[in-house]
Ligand SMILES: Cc1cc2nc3c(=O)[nH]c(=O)nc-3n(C[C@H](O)[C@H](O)[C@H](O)COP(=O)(O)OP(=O)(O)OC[C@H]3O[C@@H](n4cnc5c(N)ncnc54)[C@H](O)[C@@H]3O)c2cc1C
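Single chain ahead, written as structure tokens, the form predicted on its own.
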């Protein structure tokens, strides 16, 4: 008789877990995947506006080392080269000291890539010499066989100063390149996270950045969901997990309800709005042999709040040491071109929205529209700006980016539309990779013998807070389940 598996969550980790389970053992498993809404993709989902245009709640980048995500998409019957378009290996730091944009080009072989990065021209002469010497050390450390986790207790700024970087150089945008342009971490970040990023981006090909040509939910996640169903899986939307039911060391059930947000009867919600159970819809899912939770950390730690015995245990207590941040994004559409010759991310501008990509060359529905000159997608974190209004955030962002003559006056470019999203809901928050965080991140196993974890916040082979890490964690959780079938 087939064993039953319940997978909770339809983000990258949940979809990767569910499909991998059936790929490995479809003759021995029945797999049901439940998720709270109708949009697939979790934090990387997309929605449609009333005018038919799609909305991304912050642009999502695919990096060259995302092998698992690309392979999953290909197994779902989608040509990943048609879906992901290269940003031509370029990124563009803004340095306030000169008020100029510079270009980092990842072209060439690995040695040329490292040399170009270490001899970055956006620094004054004396600072460039010191920065170059420091970066040479960093590349050697990242590309060595050393255990990089030993650097987790240090923030990258401290690591840099201890390795000879002059303290004032930490203020340059190029120093913040990886944590901002690639991973949207404007705060202090663990040195391990930066070094692990560099190790995974060990060549220009593996460091190349791509963006999706259309809505992530429609172009990426829905084909994977169809593949999951074709393998025999069952997908149930509008199912919000609220608590675990457990006895001894086993999960015996999962309490769920239909989501009810701001009175929406169909389970939909405004982005940034917390999801709450609809009264009278509570029920318990039972009869599953295994459960894989891909619930985001900020949601997971609020489940079973009254279970003191559970949350005082060493495993679960340490999860409360992890913190997350609310991200914020804004899409600005202009009638005149802006950043038309800057194919990659532009970063280094002040918070809260200090990173932008012109998506017009990439998004199919805007690419050939002559009425649209640019589609500027900004991202950042909300920390320190929680009390600001949307209009204040938008206005300050326009002022900040207009400081650079190479960007120009954004208002003069003819603003057609502004859409701002504050991703505050627990399910949308981003785990902070601050110093010392890895000692608190769990692996796939839990004290419950039939409950496993996956998600970008769970330790995995990739070990970065990104979609590829989420997929890797899903594969690990699936392997744990399959190993227990014999």
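Residue numbers count along the first chain shown, from 1. Because the structure is predicted, anything quoted here is derived from the model rather than measured.
The next section is about a form of this same protein that is not shown, the form predicted in complex with this ligand.
> For the interface check, one of 233-241, 357-365, 95-103, 155-163 should have non-hydrogen atoms within 4.5 Å of this ligand in the model of the complex; which one?
That would be 233-241.
> Check for me: heavy atom within 4.5 Å of this ligand in the model of the complex, for each of 169, 178 and 345, yes or no.
No, none of the three is in contact.
> Using heavy atoms and a 4.5 Å limit, would one call residue 352 a contact residue for this ligand in the model of the complex?
No.
> Can residue 441 be called a contact residue for this ligand in the model of the complex at 4.5 Å between heavy atoms?
Flag for residue 441 set to no.
> Using heavy atoms and a 4.5 Å limit, would one call residue 462 a contact residue for this ligand in the model of the complex?
Close contact is absent here: in the model of the complex, residue 462 is far from this ligand, nothing within 4.5 Å, heavy atoms only.
> Is residue 8 part of the interface with this ligand in the model of the complex - any heavy atom within 4.5 Å?
Flag for residue 8 set to yes.
> Among the candidate residues 451, 29, 61, 437, which is the single one with a non-hydrogen atom no more than 4.5 Å from this ligand in the model of the complex?
Filtering the options by heavy-atom distance leaves 61.
> Between the options 55, 432, 427, 420, which residue brings a heavy atom to within 4.5 Å of this ligand in the model of the complex?
For this set of options, the contacting one is 427.
> Mind listing which residues of 295-327 have a heavy atom within 4.5 Å of this ligand in the model of the complex?
Result: 295, 296, 299, 327.
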